[in-house]
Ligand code: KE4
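Listed next as structure tokens is one chain, alone, in the form predicted on its own.
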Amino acid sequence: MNQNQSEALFARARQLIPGGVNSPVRAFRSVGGTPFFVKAARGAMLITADDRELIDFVCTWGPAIHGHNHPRIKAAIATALEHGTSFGTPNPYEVEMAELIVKFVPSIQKVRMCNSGTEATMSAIRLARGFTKRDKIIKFAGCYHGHSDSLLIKAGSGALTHGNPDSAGVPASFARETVVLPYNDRAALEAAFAANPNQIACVILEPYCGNVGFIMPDPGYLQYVREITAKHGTVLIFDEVMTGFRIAKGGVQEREKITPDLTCLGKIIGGGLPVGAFGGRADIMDLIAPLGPVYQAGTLSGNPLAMAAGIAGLRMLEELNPYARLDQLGRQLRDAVLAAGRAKGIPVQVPQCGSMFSIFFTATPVRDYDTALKGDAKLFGRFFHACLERGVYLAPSAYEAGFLSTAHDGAAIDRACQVFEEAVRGL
């Protein structure tokens, strides 16, 4: 593949930026090769620095549910830009965004905007500790909740891809306050509560995992998590930074009919600009400064450009209600890979729900961190490059979810299915 411009840019970047990238998984370390650089994007397509067009199933790692460079989102940003980029004061867009979030997400009574998913999860955990006056938290192996210290323990996403699930620089004393359990294991959760009576401030999880690949909960598992946390007076935090507004308008909690105490959001509510939010029960949220003793702040929180972009995106979701169509397209991709695997005699798992999916080359059904690791990452790397050579871009890691957007039309999906089949046949 001719990547002269991308290779030259990457060589320059490596001189000045650690690893040549500003987020680790972009470096292609786990799949090999040189990352390509993108100079433009539109709809479901990326245009590389070398003028290649690629069908994109990364979608900015989730935010681009309406595809890239959508005219309504562009127009919303342009209108907001006419009035300024940041004010350091409250602005009307913040209020409209809060109203939409409370309207869409069943559990949220009040919400605080911030600037990233990492900020949202970090702040929600601080709030849960302040509310319960307890220190310990429970998270699940492979669930990635951003890169704050207490959460980079058995993390997924880039930490898993690069073989560093326990990051250097995290004090052991912080790690001792984090109890890490296997996802989908009821007995382990019950044992953790028994071993730490009246000590667990919160349980935080991705209700549908997206950062160790896409993994669904066993039937009844999320209901069990809700019941045991309520029993022990522990705050239940759903990290829906990835799944919020994507799995359903109200996220996983709408689909599963679960009411967490707090919810973390991001990605889609920024329309492609940096954003985060956390919200939930009013009695918990009212402990945040300036009303309460739990401090959280941010210079650019509620930035008018990000709010305007996100509001436009949410309004379109409300108008289009695209979820059934996205699920149908997701099933079409899934079935193409499964059929190709059967024809070739290569075991493959393709968990999929709505506009999210993953491809694991393993005979073992994937339901947690350990079974995700049974996937053949080297085989995935070959599959990834075979797809990329044919014009289809998947996440450059065996442990990341893929995403669809409303901009993926039938022709793009048909072509992607053909590419997936050809790539599997060539393994």
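Quick note: we count residues from 1 along the sequence shown, nothing fancier. Quick caveat: nothing in here was measured; it's all calculated off a predicted structure.
Absent from the display: the form predicted in complex with the ligand. The rest refers to it.
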| remark: Residue within 4.5 Å of the ligand in the predicted complex by heavy atom, from 117, 251, 280, 271, is 117
| note | Given 176-184, 104-112, 236-244, 253-261, the stretch touching the ligand in the predicted complex at heavy atoms within 4.5 Å is 236-244
| query | Should residue 412 be counted as a contact of the ligand in the predicted complex, where contact means heavy atoms within 4.5 Å? | reply | no
| 4.5 Å heavy atom contact, residue 351 and the ligand in the predicted complex | no
| request: Look up in the predicted complex whether residue 61 has a non-hydrogen atom within 4.5 angstroms of the ligand, and give yes or no. | output: yes
| request: Considering only heavy atoms, tell me if residue 139 and the ligand come within 4.5 Å of each other in the predicted complex. | output: no
| message | Can you list, in sequence order, the residues from 207-228 that come within 4.5 Å of the ligand in the predicted complex, counting heavy atoms only? | response | 211
